[in-house]
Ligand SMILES: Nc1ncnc2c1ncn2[C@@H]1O[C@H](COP(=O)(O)OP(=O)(O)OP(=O)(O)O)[C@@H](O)[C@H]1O
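Next up: just one chain, as structure tokens, the form predicted alone.
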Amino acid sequence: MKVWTVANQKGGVGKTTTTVSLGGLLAQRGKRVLMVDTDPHASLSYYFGIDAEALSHSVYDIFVHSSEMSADTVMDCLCPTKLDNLYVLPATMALATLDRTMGSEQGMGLVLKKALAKVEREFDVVIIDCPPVLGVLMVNALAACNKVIVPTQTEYLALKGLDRMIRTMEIMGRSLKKAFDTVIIPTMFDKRTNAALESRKRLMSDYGDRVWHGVIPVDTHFRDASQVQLPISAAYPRTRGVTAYAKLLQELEK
């Protein structure tokens, strides 16, 4: 089972869009996909019409009941989507309390990794959507993954957020004694603007081989797809956004 974490310490750069788009493409190709929402704002959950506040189970249960966790505990928390093979482990606002209530407890950084290990026979790929804040949730997401995908909006302030994210992974890597397989994804790219062109040039200059050679373009169909609660590849298959994410997926699967 592959585990990919989508992370950046800046909001609004396309993390949830990337999670949903890659998950949709994989599911349509017959892969069994689990998307994990670890952001208390629950954007990924709400994308698919899931109101975790109204559910009896969510990813929060996995942290609260970590000592007696089983495969059934994890599976009971999952929600199906409109697309076959695609499931969501939804978030809830209660996740925002974890750093205060459990952040200092020993072993809390590995809860998600252990939970996913319980269901590794059920899924081919897990994609974790992270909050834009360094805390116990991002630590769990990074500790659990084989690959880190870092969407970065092609504009100046987003590059500053990327600098922080890369430093965070360096620190985490030393702590976990692992080197992160990192792919930086230029998102919301508009070739008509100098800001986007200059930002992409700087990405390539500063981060070299870690930057994916392609770009995710601005595409209003991403927003339209969210309104019908489907990945863009299912709602609007013949769009430039789908073409871009299909090329990215090809790169990630190498």
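Because the structure is predicted, anything quoted here is derived from the model rather than measured. Throughout, we count residues from 1 along the sequence that is shown.
Another form exists, predicted together with the named molecule; not displayed. Remarks below refer to it.
Only one of 203-211, 221-229, 22-30, 58-66 lies within 4.5 Å of the named molecule in the model of the complex by heavy atoms, and it is 221-229. Among heavy atoms of residue 242, none comes within 4.5 Å of the named molecule in the model of the complex. Of the heavy atoms in residue 217, some are within 4.5 Å of the named molecule in the model of the complex. Contact between residue 17 and the named molecule in the model of the complex is found at the 4.5 Å heavy atom cutoff.
Using a 4.5 Å cutoff between non-hydrogen atoms, residue 132 counts as a contact of the named molecule in the model of the complex. For the stretch 7-45, the set of residues having any non-hydrogen atom within 4.5 angstroms of the named molecule in the model of the complex comprises 10, 11, 12, 13, 14, 15, 16, 17, 39, in sequence order.
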